[in-house]
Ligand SMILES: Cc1ncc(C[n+]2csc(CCOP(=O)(O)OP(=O)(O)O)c2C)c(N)n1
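Single chain ahead, by itself, as structure tokens, in the form predicted on its own.
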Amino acid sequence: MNINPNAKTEITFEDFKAEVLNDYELAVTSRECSLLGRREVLTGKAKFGIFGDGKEIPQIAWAKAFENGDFRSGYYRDQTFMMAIGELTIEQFFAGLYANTDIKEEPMSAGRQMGGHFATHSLDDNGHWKDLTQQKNSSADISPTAGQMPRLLGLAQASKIYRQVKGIDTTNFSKDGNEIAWGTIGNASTSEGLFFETINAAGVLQVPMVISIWDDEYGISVHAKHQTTKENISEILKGFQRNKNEKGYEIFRVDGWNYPELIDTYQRAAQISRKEHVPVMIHVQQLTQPQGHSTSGSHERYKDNERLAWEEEYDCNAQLRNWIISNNISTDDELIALERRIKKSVREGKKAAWTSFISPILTERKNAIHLLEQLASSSHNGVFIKKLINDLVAVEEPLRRDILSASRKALRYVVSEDSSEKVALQNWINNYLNEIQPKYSSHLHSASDLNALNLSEVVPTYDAGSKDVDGRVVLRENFDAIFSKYPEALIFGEDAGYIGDVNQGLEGLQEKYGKLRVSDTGIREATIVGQGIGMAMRGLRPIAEIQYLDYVMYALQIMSDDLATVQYRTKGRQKAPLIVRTRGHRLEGIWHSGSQMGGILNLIRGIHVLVPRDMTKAAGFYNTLLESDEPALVVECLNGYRLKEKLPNNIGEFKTPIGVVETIREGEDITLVSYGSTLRLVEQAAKELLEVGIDAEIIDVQSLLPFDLNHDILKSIVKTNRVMVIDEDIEGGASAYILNEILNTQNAFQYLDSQPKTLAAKPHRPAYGTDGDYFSKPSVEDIFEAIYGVMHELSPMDFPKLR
């Protein structure tokens, strides 16, 4: 079967027939995979199924226009396309359904995502870039509806950058910016805000993006009349259509069962977008969904007989079959024979995938049973262990959970016994966990030699006459050095370009480096981050600026579901080393001085969260990150841009280490742990505490994710025997996270002579004004009194009660 069809302008009729029949064979193969895949779920071999049936023919037409170097950012219906470009076999399709953890057997995600989520490998086994221009690329899918759209924008913008910005080494990444970013989305998901935000942004930026909207009139059970005004997404987006005087989109409509029209439409769309760098929208209408939305329900529950009859007639595969016969390309008998052969091939592929999945597990069960039998024969509780063995043997299709559960329970029956058989089982369980756990847990972060934790600190150095400057100047000079050193680096965000950001950290840099490298964006945080993800996936080094920490909330879903999981959900085969720059804390009012750190820390594991106390530390983090291949969120101190700092003489070279705390004041009585703007209040409180005989040690966290890898806080607590965490997030937020790290990860509890304390902000958002800040977040007096209270509990005579 030809799995990489290409449209040709001049071919013989025999070649034409062969290509059409290859296309039909591919469509039927994909459909049979869907049908058999559903049965595998319903019989219990697979957990869940969501398939691309009903979209086969338009995806084949799309594949004919898709070239090496192009990128896909799609959703979970695109299996036929992946088969058509040669990146998904029958065996791999079923390996994904079974969640095979072998990346070679299941290259999409090594079993970490449900079937229907597709990716290609941008990185080699060492985590280094492959030549993306010599392969057809698919960015790794995510499940959240419309979540693929922001990334799509960035994938397309990369082509614009590569075409128009000079000096970038495009090797492995682009050929003159000729690559298209192709997106797919279901018609119902176009109701999501991320869709509209991306559509608008792409029209403004004018990037080579082609978005296919698969329209089968339903979103699970909800008809388009409840989803879309006029029940037609392209109708309501007609205002985006470009004309002679105004830039915009080229918009096509085509029926999803019309094979020749689909091929023509996709060829025209590709030519326009690739050559002119114009976004194109293809509204593929009159599609069907033969098996309904997923294996969790049946579409017969919500479609009437008339609709079901129409779907049977206008099924795209059935329509192509009729077209083939009516145009004398093949006969009914010949197609029946072809279809039977395909059914057999799919069954054989399914069987091979299952054998590959289950064989190692059966071997693991055999080894476990052998050890359990030996344990049973030597134990007084052998009868109970034999029950575990019998239950494990009775499982026809065991999972690793079954094996490990039985083995661990067996140890309970011999907890008071000493035997070599017990030791053998204990060792086997430990080794098994060490071997198997990484199959499900590895690659939260980069496993390459470019991991940020591999980079050593380079301290800022100063001349004898180094002058004091505003902190923003340190940042500006460092960004200047970055853009000079890294032609592939660029920054963008609200007010980041012309005025040089709201705090002047980029002052004058747009004029120096151009509007494409230092650029303004609209007010659209989710797609600002999406731009960064897509461009980072294509070898650029973007810095996406979110104006204030509060506004990160708009982009938090994209950061959490997409950016944070790239390495994990591809088992290290894709990366997006995006830096998200923002500023926060201690400004004015509810919407500009929040501290969402608790939520951020819980939601974006996989992204480094860095909280520098001044702009020199922040600049050092940027320098570190640009030598690594990992994403990060850097939160600059909003009230620190005008504070004076010494200007280093090694601008662009000094590096702040990630995951390392810094002791900024040594003391004997109590360890104070804080970060960011609050740290300055802690320092002031510590000075005042000295006046009453309390000597506090102050540690700047600097990096929340990861946290204190060297356990320096523990070393301090061993000396002081007391700890307090001070934070302007609410109670239970970042302070609770920090305290958990200190107590449970560093095991500091055994060294404490006093109850560990946290001091956080009030549970409401901060009220407006200076007094609003004082009564909403920890003040110097709050910090002083909280620490004094700890010492009062220790020695009431030395530290009488204040109030």
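Quick note: we count residues from 1 along the sequence shown, nothing fancier. Computed from a prediction, not measured in an experiment: that's the story for all the values here.
Just so it is clear, the following notes concern the form predicted in complex with the ligand, a form of the same protein that is not shown.
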- Task: Backbone and C-beta atoms within 2.4 Å of 3 or more ligand atoms means blocked; with that in mind, superpose the ligand from its pose in the model of the complex onto this chain and give open or blocked.
- Result: open
- Task: Using the partner position in the model of the complex, report whether Glu192 sits within 4.5 Å of the ligand, counting heavy atoms only.
- Result: yes
- Would Asp216 count as a contact of the ligand in the model of the complex, using a 4.5 angstroms cut-off between non-hydrogen atoms? yes
- Message: Under a 4.5 Å heavy atom criterion, is Ser143 part of the interface with the ligand in the model of the complex?
- Response: yes
- Though only this chain appears here, would Ser593 touch the ligand in the model of the complex if you measure heavy atom gaps against 4.5 Å? no
- Query: Of 373 to 381, 398 to 406, 74 to 82, 441 to 449, which is the one stretch near the ligand in the model of the complex, taking non-hydrogen atoms within 4.5 angstroms as near?
  - Reply: 74 to 82
- Exactly one of Ala188, Val474, Leu549, Ile579 comes within 4.5 Å of the ligand in the model of the complex through a heavy atom, and that residue is Ala188
- Message: If the cut-off is 4.5 angstroms on heavy atoms, which of these, Ile436, Val458, Ile220, Ile523, is the one near the ligand in the model of the complex?
- Response: Ile220
- Would you check whether the ligand, in the model of the complex, lies within 4.5 angstroms of a non-hydrogen atom from each of Arg583, His585 and Thr678? no
- Note on the structure: Restricting to 270 to 307, the residues within 4.5 Å of the ligand in the model of the complex through any heavy atom are Gln289, His293
